[in-house]
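One chain is shown next in structure tokens, namely the form predicted on its own.
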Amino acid sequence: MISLLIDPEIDFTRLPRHVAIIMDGNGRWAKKRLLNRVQGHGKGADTVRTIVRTCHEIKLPILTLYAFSTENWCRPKKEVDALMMLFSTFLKSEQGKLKNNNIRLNALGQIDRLPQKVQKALHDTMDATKENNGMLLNIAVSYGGRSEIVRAVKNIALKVKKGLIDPESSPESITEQLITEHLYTSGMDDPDLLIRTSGEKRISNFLLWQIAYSEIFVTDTLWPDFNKDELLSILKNYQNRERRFGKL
């Protein structure tokens, strides 16, 4: 990857371990330019490449990108089909770069709902990068925070039914840690920083459990216009915040 000029004002010993981004604004970016929404998503894919490259360069441990929600399946079929094709093409084009730059790809969400070609491209890329131990890149696709929690509860209930969790002590056995272990993000640090582009001030069903104490930064910048300089500026802002986790 191309080396980046890094802002000297950032303390790279105090970076967040996990940054999550709600990538919003592709459609509005396209509308402002009298383009169709699919062209906006295509430009947004270019921004993904830039942000992944930047996070890799500064050695961020975990980056999670919200690409497609469970609610997005309700969008017009033509747009969904185009998004799936774009996602598949993106995975195929980036597989070699991810592998060669020690980035491991992981998927969060209801992957079985994706078209077979997309599932194959996704699994092929995850398999090709599974031995990488540098940055972890999570793509949340066909993902919903509520459905993730429901899935975790169902899996715990199934273990109780199978006797893997003692039914007599199961109420006491169900702890925050147990639920955390049954989420898609099991074994990962929770996001320290959540970024949302496009100015919308809502969570949109994203990592509802995991962002309990995440710092939140909302920028008016539409995702296709988001760049490394703004990301680095947000990281500087993050380093000036005092994280108390409910304590004084």
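A residue's number is simply how far along the shown sequence it sits, counting from 1. Since this is a predicted model, take the numbers as computed values, not measurements.
As for the form predicted in complex with a small molecule, it is not shown, yet the points below apply to it.
**Student:** Using heavy atoms only and a 4.5 Å cut-off, determine which of Thr219, Thr54, Thr180, Ser69 is in contact with the small molecule in the model of the complex.
**Tutor:** So the residue touching the small molecule in the model of the complex, by this definition, is Ser69.
**Student:** Pick from Arg75, Lys97, Lys92, Lys120: which has a non-hydrogen atom within 4.5 Å of the small molecule in the model of the complex?
**Tutor:** Filtering the options by heavy-atom distance leaves Arg75.
**Student:** What stretch, of 211 to 219, 182 to 190, 56 to 64, 35 to 43, brings heavy atoms to within 4.5 Å of the small molecule in the model of the complex?
**Tutor:** The contacting stretch is 35 to 43.
**Student:** Give a yes/no on whether Leu83 approaches the small molecule to within 4.5 Å in the model of the complex, heavy atoms considered.
**Tutor:** Heavy-atom contact with the small molecule at 4.5 Å: present for Leu83.
**Student:** Is the gap between Arg202 and the small molecule in the model of the complex 4.5 Å or less for some heavy atom pair?
**Tutor:** Yes, Arg202 is a contact residue.
**Student:** Using a 4.5 Å heavy atom cut-off, state whether Thr47 contacts the small molecule in the model of the complex.
**Tutor:** Close contact is absent here: in the model of the complex, Thr47 is far from the small molecule, nothing within 4.5 Å, heavy atoms only.
**Student:** Does the small molecule get within 4.5 angstroms of any non-hydrogen atom of Asp127 in the model of the complex?
**Tutor:** Close contact is absent here: in the model of the complex, Asp127 is far from the small molecule, nothing within 4.5 Å, heavy atoms only.
**Student:** So, a 4.5 angstroms cut-off on heavy atom distances: do all three of Asp112, Gly144 and Arg146 pass it with respect to the small molecule in the model of the complex?
**Tutor:** No.
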